[in-house]
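Before any questions on how it binds or moves, here is one chain, the form predicted on its own, in structure tokens.
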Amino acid sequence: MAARVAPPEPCLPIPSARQLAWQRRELIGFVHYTVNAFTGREWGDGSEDPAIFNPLQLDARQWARAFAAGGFQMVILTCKHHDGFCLWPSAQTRHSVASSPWQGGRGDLVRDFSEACRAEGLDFGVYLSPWDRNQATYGDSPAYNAWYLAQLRELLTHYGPLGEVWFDGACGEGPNGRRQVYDFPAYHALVRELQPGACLFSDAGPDVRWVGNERGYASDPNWSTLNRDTFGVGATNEGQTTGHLDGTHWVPAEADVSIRPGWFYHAEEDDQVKSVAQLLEIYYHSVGLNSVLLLNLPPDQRGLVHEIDVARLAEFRAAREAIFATDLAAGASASADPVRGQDPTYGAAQVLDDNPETCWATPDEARSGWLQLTLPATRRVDQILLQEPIALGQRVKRFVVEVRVGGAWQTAGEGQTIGYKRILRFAAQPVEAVRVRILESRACPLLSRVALYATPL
């Protein structure tokens, strides 16, 4: 029996516990709802009369059920968009549901939806737009920041534990508009104080970064490491989508997209809800490229997520389950070279157990290696799923996947980064064995999982 060897050292930077929990959710919902659902606009101007907000059939539980049925793990609510209309009765403004006819001005949609999410087993997050077109102090930076912090405190203290707090740097005031300097350090400090388990999102993190587009597409490479101190919110940041190979901080990407062309409900877009095929492409280009997918469903004037959207989300889950329900690598024999200290604790078979804490590991000095799975019988395969144990950092810089078909090896695909999850697709083949060759790595290569799947015929 080989002697037990020391575990691999972390390849810094590494994720915090809250970042690990966030990444493992994989799918997060977004809900955009405000007066825009009643005006038909995407960006309100803050002058909207709260009296127009009166969703007579509003059912927050229906929203939560739609996401739960779709296989999502958390939902972020747009508690206030740029128009400044608050979905809770904020003590800082009358521009809220308290001035609307909905529930006689006594409603609190943030409360209703946070409770609905928890009833459906979903974590809850909030988005509070820093740009407020209704607030008179906007542009008086000290006064506005103090006011904004008071609003933020309400959301952080009244609605239970939060999984994510979402900020952007939007400001469409134009060249002659009001100039507001957002005090993001103060905003972040308040979240850390009151909701230490919540991940902070913005262009620049500090916990989670924007992927750089609103199509839901990450890239290859996609490093979860970032030179965070060079980034700014609302700035043009080099490496926004790709991250940085030599990054100083762990700041993974979140890929946001709406199921419709707009972020808010518009009846004329009912025939433009993304198809299952489109949603699968987004999934492969987000979750399958080391990102988390943030998918928006906008409720309509009734206060319901439209039936088309609900059905599409359920169909999207069914399609994913049809592809990923059966790991075709099950029962394979595994081999690898090198293996750390020849210790079976770090042997090739560790990639087959679906445990993110175990892995095939190489010696400290290694920067390359290969792992092979030989299937018990020939199986039709068209995709491979790879995972690194990211609690020990992100390592792989370049890899190749080969498949053995009819006794001959052929290249099925190649890539740069792996990270938490990488799904590589290729032409369907009757595969006898698969080999992953790590060509370059920041530190000794580690893989926690290798799985094989096939798109149903």
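Predicted model only: the values in this text are computed from it and were never measured. A residue's number is simply how far along the shown sequence it sits, counting from 1.
Note that the form predicted in complex with a small molecule isn't included here; everything after this is about it.
4.5 Å heavy atom contact, H32 to the small molecule in the predicted complex: Contact with the small molecule, yes.
Contact test in the predicted complex: F231 vs the small molecule, heavy atoms, 4.5 Å: No, F231 is distant from the partner.
Partner proximity in the predicted complex: E307 to the small molecule, non-hydrogen atom cutoff 4.5 Å: Close contact is absent here: in the predicted complex, E307 is far from the small molecule, nothing within 4.5 Å, heavy atoms only.
Any non-hydrogen atom of D140 within 4.5 angstroms of the small molecule in the predicted complex: Close contact is absent here: in the predicted complex, D140 is far from the small molecule, nothing within 4.5 Å, heavy atoms only.
Stretch in contact, per heavy atom within 4.5 angstroms of the small molecule in the predicted complex, of 272-280, 77-85, 93-101, 313-321: Looking at the other structure, the answer is 77-85.
All of W43, D168 and E214 with a heavy atom within 4.5 Å of the small molecule in the predicted complex: Yes.
Heavy atom within 4.5 Å of the small molecule in the predicted complex - residue from W147, Y284, F184, Y127: In short, Y127.
Single option in F72, W263, Y159, W250 placed near the small molecule in the predicted complex, where near means a heavy atom within 4.5 Å: Checking each option against the small molecule in the predicted complex, the one that comes within 4.5 Å is W263.
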